[in-house]
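Take a look at this single chain, the form predicted alone, given in structure tokens.
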Amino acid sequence: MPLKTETFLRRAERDDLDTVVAWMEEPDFQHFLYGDPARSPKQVREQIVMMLGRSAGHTVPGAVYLMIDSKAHGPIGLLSLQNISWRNRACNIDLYIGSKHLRNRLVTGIAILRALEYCFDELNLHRVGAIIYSFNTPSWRIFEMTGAQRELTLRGHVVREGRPYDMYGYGLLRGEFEAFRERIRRSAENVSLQAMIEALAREDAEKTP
């Protein structure tokens, strides 16, 4: 059973095009994207149109794009499920938080956990992988809290502001995520996702020297 929150996932639609394009033009948003950001607005728009376009009804999608939405704030970010292998029940996730004032630990945590719930509960996957930059500390710390294991480190793989950073590869198995949720359920009856993230943040802060 999913943990309670007012944040939810929905299918990305063509009506979301202007919102996502606006996010991709923000310097802070581009900071977390891999590759060269020097693309024209037309190229960015064409890329998003391809991402949000629906697959033919008879095909099995190898990628799924979902909007992270909130009753309080509206669209928060974009969830991309890539390299979906239905045979192996595995995928990779990319998660982008759009609005600068919402890019914080609480929102990131809720978005990550909602995404993982979708992968394991709705798609019935066995494994979820993620690539996270070392400077994106809130994301990889929260991912580790869910039970994910850091399986590889690519040293100096991405450059920002002239400085090289490592890139981390994570893997999370279904059983590890279920154990995490059970631990949370034992600590509080009917816990809300927001309260859970706030408690984990306090716990992590207390452990940090």
Partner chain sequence: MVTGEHAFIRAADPDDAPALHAFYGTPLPCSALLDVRREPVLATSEELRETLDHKDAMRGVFHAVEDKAGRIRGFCGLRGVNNEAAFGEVMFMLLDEADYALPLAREAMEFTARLGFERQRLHKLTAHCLEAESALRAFLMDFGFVSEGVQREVLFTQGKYHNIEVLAFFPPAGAECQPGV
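Numbering follows the first chain given and starts at 1. Throughout, rigid core stands for the largest set of C-alpha atoms superposing within 1.5 Å between the two forms. Computed from a prediction, not measured in an experiment: that's the story for all the values here.
Separately, the form predicted in complex with its partner chain exists; it is not shown, and the next lines address it.
- L154 is the sole member of M145, L154, L66, I184 with a non-hydrogen atom lying within 4.5 angstroms of its partner chain in the predicted bound form.
- Judged by heavy atoms within 4.5 Å of its partner chain in the predicted bound form, the contact stretch among the candidates 135-143, 106-114, 73-81, 122-130 is 122-130.
- Taking non-hydrogen atoms only, P164 approaches its partner chain to within 4.5 angstroms in the predicted bound form.
- Although the partner is absent here, A179 sits far enough away that none of its heavy atoms falls within 4.5 Å of its partner chain in the predicted bound form.
- In the predicted bound form, V159 approaches its partner chain with a heavy atom inside 4.5 Å.
- Residues N83, I84, S85, W86, R87, N88, R89 are the ones in 64-92 with at least one heavy atom within 4.5 Å of its partner chain in the predicted bound form, listed in sequence order.
- Comparing the forms between the shown form and the other one, the C-alpha position of V159 differs by 2 angstroms or more, with the core used for superposition.
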